[in-house]
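This document starts with one chain, in the form predicted alone, laid out as structure tokens.
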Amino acid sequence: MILGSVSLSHRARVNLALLALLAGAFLTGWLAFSYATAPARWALVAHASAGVGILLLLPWKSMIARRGLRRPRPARWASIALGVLVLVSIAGGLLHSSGALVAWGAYTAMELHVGAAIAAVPFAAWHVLARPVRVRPSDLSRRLFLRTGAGLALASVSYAGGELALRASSLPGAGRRFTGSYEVGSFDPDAMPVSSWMFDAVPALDAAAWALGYEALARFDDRVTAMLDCTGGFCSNQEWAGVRVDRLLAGRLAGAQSISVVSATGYARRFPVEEASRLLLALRMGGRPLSAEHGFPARLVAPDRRGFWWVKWVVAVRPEPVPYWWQPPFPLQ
């Protein structure tokens, strides 16, 4: 096959490979978001390798796209939107991973990467339904599987080579954590970035009227040093102080399977009851009361979990009889 002419069979194979790589990149990306421990490393290796595979196929896909643009088709704009969003997502991922541009203003390259990927999902679903890839039995040959394996190996080797080159460079990406996050403001509360899930606004809560009793809980001084690893692309180590959840719920955990932690915004996460002694309802960070942006009057500290588990502006902590997994893997609000 030469690059100037792509046969019908090869077009189907390129489209099928791209579809598989896009799906793999999306799924492994969300899997990496789920962990702040070792599984995130392997999910990100698979995620980045899929991204490299997409880049390697772009020359062939560009010829297919140019050929398609010469023919009038309904809803062509949707296909163009899908292509643009995929390219924007890849650009955001490259900017973040290299450190060439981690953030501008209040927005980060990681948010661009993830936002474009989410926006591309409905267009990808439409594309699959409206223009399905027609694969013939003859296309599913032993040669195809060998080529697929070779392509995946090439993508993985290219990713590994890129990482080695990045480590040898002076770019900030060389120092990012295995989750892909950049350490910022550790042990300096004033320098720690502010983040919230999706579009949560900072509520104004009155400590005197707080449902959990601010003065009573402020007397506790349980402490833990833990890293908040945000899916927005930063991580920060801080010393947190407050009350351990097993102390807070002492005598109320019998028969419970999970612990529900609810924010004033309606945001909520549920944890296994076995983690009660590891969870901290923090009222202070770095020896000072939390600011409103960081969760005043109290936020949850959940060591070894990603930042979206660290519920801010907590108004309720309660044992529940349902298992912790009886919830969406990611918050829906």
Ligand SMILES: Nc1nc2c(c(=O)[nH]1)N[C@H]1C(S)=C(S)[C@@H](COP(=O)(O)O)O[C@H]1N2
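Every value quoted in this text rests on a predicted model; they were computed, and no experiment measured them. Counting begins at 1, following the sequence as shown.
The same protein has a further form, the form predicted in complex with the named molecule, not shown here; the description that follows concerns it.
Taking D222, E111, D200, D246 one by one, only a single residue has any non-hydrogen atom within 4.5 Å of the named molecule in the predicted complex, and it is D200.
Of the heavy atoms in P297, none are within 4.5 Å of the named molecule in the predicted complex.
Of the heavy atoms in S263, some are within 4.5 Å of the named molecule in the predicted complex. Shown alone here, E293 lies within 4.5 Å of the named molecule in the predicted complex, counting heavy atoms only. The named molecule is not drawn, but in the predicted complex it has no heavy atom within 4.5 Å of Q257. Listed stretches are 247 to 255, 226 to 234, 147 to 155, 204 to 212; the contact stretch with the named molecule in the predicted complex is 226 to 234, by a heavy atom cutoff of 4.5 Å. In the predicted complex, not one residue of 157 to 179 has a heavy atom within 4.5 Å of the named molecule.
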